[in-house]
Each structure stands twice: as C-alpha cells, then as structure tokens.
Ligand SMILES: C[S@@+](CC[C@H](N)C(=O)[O-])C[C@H]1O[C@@H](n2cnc3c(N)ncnc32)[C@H](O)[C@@H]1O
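The chain below stands alone and is given as structure tokens, in the form predicted on its own.
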C-alpha cells in the first residue's frame, strides 16, 4: 500500500473520514490487506484508503519503539526508522529536566518522538525540521497525545534557526542517505554535519547530540561527555552532552542530578536501560590478560562501545582472556549490572569434532553459541554439531585466549541454583 507523500493526503487523514478509516484499521491483519482495501474502496476514495492502510502499517511497525502511543501517532517511513525508542528518549528527557532545563530547541525533530518525551518531562519545546510532512506529523502527534501546549513545531532549515534564550539544544542529524537510504558512517556526512551540530551545541547552556553508537572516539569533542545507551542489551545510540561548566546552568539542578545526570566534560558513560544503571569511566588502562577462571563476564554492548571494559574488570576483580577480546574472566563471582556472568565448565582448543563428541556425551540438545574474535560463524558451527534431542543446555563461546582459537563452555550464572 502507498505511503503518505504530500500534505494534502496527510490533511485528509486528519479529517473525519480519514480518522474513521484509521480507527477501523487499528487492529487490522496485514495478511488481509488486499481484501480490506477492496472493501473500504467501495465507500471511500482509493487514495485515502491507500494512505490509511500505509499509516496503519507504520503504526504497527512503530509499536516496538513507541508502545501503545503508536496506535495514536502519525509516521513517515523515514520517521519510523530514524525515531528514538520511547524509553531512550524518556531517559534523555529526564536527564535534561534534572539538570534544570525548562526550554529546549529540538533541531531535526522529524515526526516529534523526542519532543514528546521532552514535553512529558515538563520541558517546553521548539521542534524544528525542514521536511513539511515530518512537521505535519510532529504537530499531529503533539495534538494526539495532549502535548500541543508544550510543543511548537516550526518548518525551517535548522541551520538558520536562532536558539538564543533556550536552556538547551537537542540535535538529531539525519544519518541515512544516498539512493537507497543506507546508513551514513562518516559524522561529517550527517545532515547537518556533526561539526555544525557541535558548534550549535556550544551556543547553549546545555546540549545533547544524538549520534550513531559506532562513532570513532577520536571524532568526539574533548569538552563534552559521550554516553552510550543500550536497551534490553542492545546498543541504541550515543549522545554527546555539553554543559555543566560554572555559570552555564539555566536553573539549579534538582536533587535527581546526581552522578547519573551531571555532565562530565571528557567523560565516557554507559547507561543500560530499562533499569537505568549508569557507569562513568574512570580512565583506567586495560587490565593485564590472564588464564580463564571459573567465571566469564560478557560486558553489555554500551560498556564495550564506551571503552569501559577495564572499569567492569575492576568491579569484578577480573582480567581479560586476551588483550584484544572484550571478555573478562575471574575466579569468583561478583554481581554487576554491566555484564552477564557465566560459570565456565570447560576451556578447550577449537576442535569441532571434539566439541561434537563432548556435547553428545553430556546430552546437550540446546546450545547458545556466541563469538568474539573468531572467524567461525555460529550458525555454520550449529549445523556441524547436529545437536540431538538431549535434555541439557549450554553456552558455547568461540573466542581467543592468549591469541589461540578457543572454545569455552558454560552456563549463565542466573540459571544456576545452589548445589548445581
């Protein structure tokens, strides 16, 4: 089905007939789309039916990011792809609110996902984007969720907007482009470029720039803190934070603005959602590698991206299994929210034949295969193992230990019971 590509069609969706169609399609099954379209076109214009079906599809896709709100919101295909997950946007908004931010210019606002989270945190938002259709969706979303009084949407080139007088600036540059809309990895190829966003950020008391989590560390400004954020174990984004220097605060930060909210220029931070655990790096050197102990720790992706594996190693009293591998090993178990712990039962040189025999002997029928620093693909290995109907399970790590290809076998610490 077609997507909304012009303002007139979008306006028709907001009119009573379009609203009735969207309500009728709220729980429709995409598998019945052709039948549904044929039925609806008997009573409604074909272009409007097509647009409503396209919007219903986008709402279903967006539910993974926006939850129940997606059923009421309006999207463009790019808007669904580019938008921040609601839980991540809420985290950023809470941090800004805790710092005393009350007014903010949201540059490159898209369909307004971040503006919604900011408004819910009590912040008055100027939302700016140069795409008229995205701006129309942002206005409609503010209205649909009852936040229009706190969100002003302006269609303009963000590079020409005066942000003087706002407590903070938030910039979310477009990181997709080209003929196929693929990801852009060069920060200077963002739209607008990262260098422009950095300079815009420095004009405000506080600022946050959303960037790709794979950004090279040497591209990060030295006078800013960078925070890598994961949600349910998956890294979602990095945020470059500016502010917090003497005399820059727009208002006194509230009691929430503790270590997890204060901006530390030059700092590197990993934040794990939904729990909200936040680790600020101490600038530690990598620990010396050593032999594999009884426990293996797999750091969260945000920890790895932030180069904070050494900080987790200190927390757990651990060491690296190899100078180039982000696995930590220790002789005792120490709880940490920043890594998943595994009890290691076997440390073996890589050998598929021996592994297959060992798993058969132990009646292992279910195996989770992980890799780091190995050329072997987990699915290829799984086919070769030909796991049977065994009643036991295990986790297999394909990695390197002291430079040598190695297999580690074990079980998640969370699954172990006393006496096992």
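None of these values were measured; they are calculated from a predicted model. Numbering follows the first chain given and starts at 1.
This protein has a second form, the form predicted together with the named molecule, left out of what is shown; the following refers to that one.
Asks: In the predicted complex, does each residue in the set 361, 395 and 410 place a non-hydrogen atom within 4.5 angstroms of the named molecule?
Replies: Result no, not one residue of the spot touches the named molecule.
Asks: Only one of 324, 332, 191, 203 gets a heavy atom within 4.5 Å of the named molecule in the predicted complex. Which one?
Replies: Flagged contact: 191.
Asks: Consider the chain as shown here, without its partner, and state which of 72, 174, 147, 343 has a heavy atom within 4.5 Å of the named molecule in the predicted complex.
Replies: Looking at the other structure, the residue within range turns out to be 174.
Asks: Counting only heavy atoms and a 4.5 Å cutoff, which of 299-307, 129-137, 263-271, 211-219 contacts the named molecule in the predicted complex?
Replies: Among the candidates, contact is made by 129-137.
Asks: So in the predicted complex, is the named molecule close enough to residue 82 to count as touching (4.5 Å, heavy atoms)?
Replies: Yes, contact at 4.5 Å.
Asks: Could you confirm whether residue 112 comes within 4.5 Å of the named molecule in the predicted complex, counting heavy atoms only?
Replies: The answer is yes: residue 112 has a heavy atom within 4.5 Å of the named molecule.
Asks: Residue 105: heavy atom within 4.5 Å of the named molecule in the predicted complex?
Replies: Residue 105 lies outside the contact set for the named molecule.
Asks: Looking in the predicted complex, any heavy atom of residue 282 within 4.5 Å of the named molecule?
Replies: Residue-level check for residue 282: no, no contact with the named molecule.
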